[in-house]
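What follows is a single chain, given as structure tokens, in the form predicted on its own.
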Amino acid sequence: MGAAEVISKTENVSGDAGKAPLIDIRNLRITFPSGGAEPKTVLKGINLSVQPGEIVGLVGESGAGKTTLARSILGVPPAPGRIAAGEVHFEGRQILSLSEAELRRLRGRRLSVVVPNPRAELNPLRKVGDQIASMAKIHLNVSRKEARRMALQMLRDVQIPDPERRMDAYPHELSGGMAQRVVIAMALICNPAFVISDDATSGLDVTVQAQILALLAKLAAEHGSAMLFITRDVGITAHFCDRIAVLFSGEIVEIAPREALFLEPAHPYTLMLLAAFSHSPKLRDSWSVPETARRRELAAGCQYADRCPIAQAVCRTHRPPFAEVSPGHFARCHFPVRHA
């Protein structure tokens, strides 16, 4: 067995090795054309599995590739990106090889997404009740009357005040928080098996954000949906994610159960995220190098080496393996942080 095969088998970690994953992302690579001869690789061999009913957080700074991953799972990477390699297995099927018509039948029915900008998602010329009901009518093939009944029930489920009246409201008549609740209703009305929440609460004030997050987690549990919860705020994941994956420069650098990630982070980049979350300048200074000392993204070696305070020569020349540092806890680092 070659080294590449060993890494592939090691990286494809799941929350429960004894069960078949609901969604299984294997060596996913996404490229974008660039001014040079070679395209730029923005996702560098992503391996990630999610179990039925599990909520996995995906955290990382802006530009890490989070939204690119979300859209690529659905088979639509952001233009002009293309899927250069890899597979996405959902309920045992390799869905990236399906036709566009087959993919459309999956999206909204078995696979769903909650977007961060509900104003862009909702049609300003249609009543919100009709937009929610359309999802049920199209994907579940129910009557118009039944679809509207289901839509009204979803408005109750997402805790919108006076749901009967809101059925006939237009998107511009809703607050940002209510519009986000409508988008959640649209995403969950067909009882999807897998939901992607793509930074769904960005732009909302802190109080509304907390309400939406609690609602999303509650409804996902009630509907039996697994979830990939994407966010820039690692603190949010502490409240309801079962496992957390940390994305940096297009690759997962750490994945662990929630408690292990917060109590015993192994990758220096994860420590930096936690330092930012804790608003600790001292901790942040301890786990970063000055901006002026950073050079460039490395063609070989660890992508974080030029920002890492404990990097050594090998970090700039050899890509670290994605190794298990404790049961269920994996990190891509030559010198993972050890805790007493």
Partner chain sequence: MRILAYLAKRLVFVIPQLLGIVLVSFLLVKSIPGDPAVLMLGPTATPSAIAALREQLGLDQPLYMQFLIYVRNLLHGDLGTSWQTTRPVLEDLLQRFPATLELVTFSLLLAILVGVTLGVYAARNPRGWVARVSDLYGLSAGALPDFWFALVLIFVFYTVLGWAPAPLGRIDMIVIPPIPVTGILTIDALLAGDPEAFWSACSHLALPVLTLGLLNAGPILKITQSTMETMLESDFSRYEVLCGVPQNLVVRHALRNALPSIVTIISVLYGFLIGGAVLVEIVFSWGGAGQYAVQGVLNSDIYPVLGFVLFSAIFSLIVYIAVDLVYFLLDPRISN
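As the structure is a prediction and not an experimental result, all values here were calculated from the model. Residue numbers count along the first chain shown, from 1.
Beyond what is shown, the protein has a form predicted in complex with its partner chain; the following relates to that form.
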message: For a quick test of understanding: in the predicted bound form, does each of Glu259, Arg319 and Glu324 have a heavy atom within 4.5 Å of its partner chain?
response: no
- request: Please run the contact check for Arg71 against its partner chain in the predicted bound form: heavy atoms, 4.5 angstroms, yes or no?
  value: yes
- prompt: Are any of the heavy atoms in Pro124 no more than 4.5 Å from a heavy atom of its partner chain in the predicted bound form?
  reply: yes
message: Using a 4.5 angstroms cut-off on non-hydrogen atoms, would Arg107 count as touching its partner chain in the predicted bound form?
response: yes
query: Using 4.5 Å between non-hydrogen atoms, is Val115 touching its partner chain in the predicted bound form?
result: yes
message: If the cut-off is 4.5 angstroms on heavy atoms, which of these, Met135, Leu155, Val88, Val253, is the one near its partner chain in the predicted bound form?
response: Met135
- prompt: Out of Asp205, Glu164, Glu173, Glu102, which one falls within 4.5 Å of its partner chain in the predicted bound form, going by heavy atoms?
  reply: Glu173
- prompt: in the predicted bound form, which of 143-151, 90-98, 115-123, 206-214 comes within 4.5 Å of its partner chain (heavy atoms)?
  reply: 115-123
query: Taking heavy atoms and a 4.5 Å limit, what residues of 175-194 are near its partner chain in the predicted bound form?
result: Val183, Met186
